[in-house]
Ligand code: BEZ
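As structure tokens, one chain now follows by itself in the form predicted on its own.
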């Protein structure tokens, strides 16, 4: 929310030539299923916007990839065909590589630390160029839980991951990490993951605790590795073309409320992640907790690649050190 003052001018200038009528009913897309924390936050944002605006504005929420995958939704945002989205930072990093720095392995010590990093001024500053670079206005960050590994077979060392078909979210920072580990990273959309794990189409998955528990991925697993190896940020986005058609008052109201509700997801995961992991552990599945040493030199290999791609990496590391 703190970077709104500069956004009000820069985003409007970027899309000032677009003659877009001010919308009263906004469409907001997500890839997450209806019970997911992100989807619930989007619905809460829509409800509060309708209340605060006295019914002048409403938001229709389309979860579970109803409007396409994230790449497709981002294209729709760029053209103004879609008004808003709650989207993984990973998708945005495909067009704004500095955002890939958030996926630095073990940047965050734990989930609360991840929240502090995302709430920093340095993180906020990475949103400011998005209107010019990507054609979207980033209003603030949320997140999912830290990443864990769910495997159909036994995993005792990182060498056991070698050659395994391991489902990932299809983005470069995560792909580079598992390539360094020696796995066979397999991009796959979220709705396909349960069946793929059940039928052996993939051997393992990279996933957060909420979905491991709530969507019952553990049911087809022999081993859960609590590695906490990456944070998984989300960003609230508004089409820059749609933003340019809003009044200053509407930008302040809509941007402020969206920032509030995406930020609320951070508190939700901080409060709930440990409980989900305990429930998974209580199922009796082999459960192992590891640290960065488990992955050998894969972390340093990732750092070597992304220190060249993401200029923000050193700045985010400095924030991480300051907020430990």
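Positions refer to the first chain, counted from 1. This one's a predicted model, so the numbers in the text were calculated from it and none came from an experiment.
Here the subject shifts to the form predicted in complex with this ligand, a form of this protein not shown in this document.
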Exactly one listed stretch (174 to 182, 76 to 84, 206 to 214, 116 to 124) reaches within 4.5 angstroms of this ligand in the predicted bound form by non-hydrogen atoms, and it is 206 to 214
Which of 38, 26, 294, 45 has a heavy atom within 4.5 Å of this ligand in the predicted bound form? 38
Which one of 88, 151, 186, 227 is close to this ligand in the predicted bound form, taking close to mean a heavy atom within 4.5 Å? 88
Can you work out whether residue 241 and this ligand are in contact in the predicted bound form, taking contact to mean some heavy atom pair no more than 4.5 Å apart? no
Taking this ligand as it sits in the predicted bound form, is residue 93 near enough to touch it, meaning that at least one heavy atom pair lies within 4.5 angstroms? no
Contact test in the predicted bound form: residue 141 vs this ligand, heavy atoms, 4.5 Å: no
Close approach of residue 251 to this ligand in the predicted bound form, 4.5 Å, heavy atom: no
Is every one of 31, 147 and 169 within 4.5 Å of this ligand in the predicted bound form, counting heavy atoms? yes
Stretch 181 to 197: residues contacting this ligand in the predicted bound form, 4.5 Å heavy atom cut-off: 190
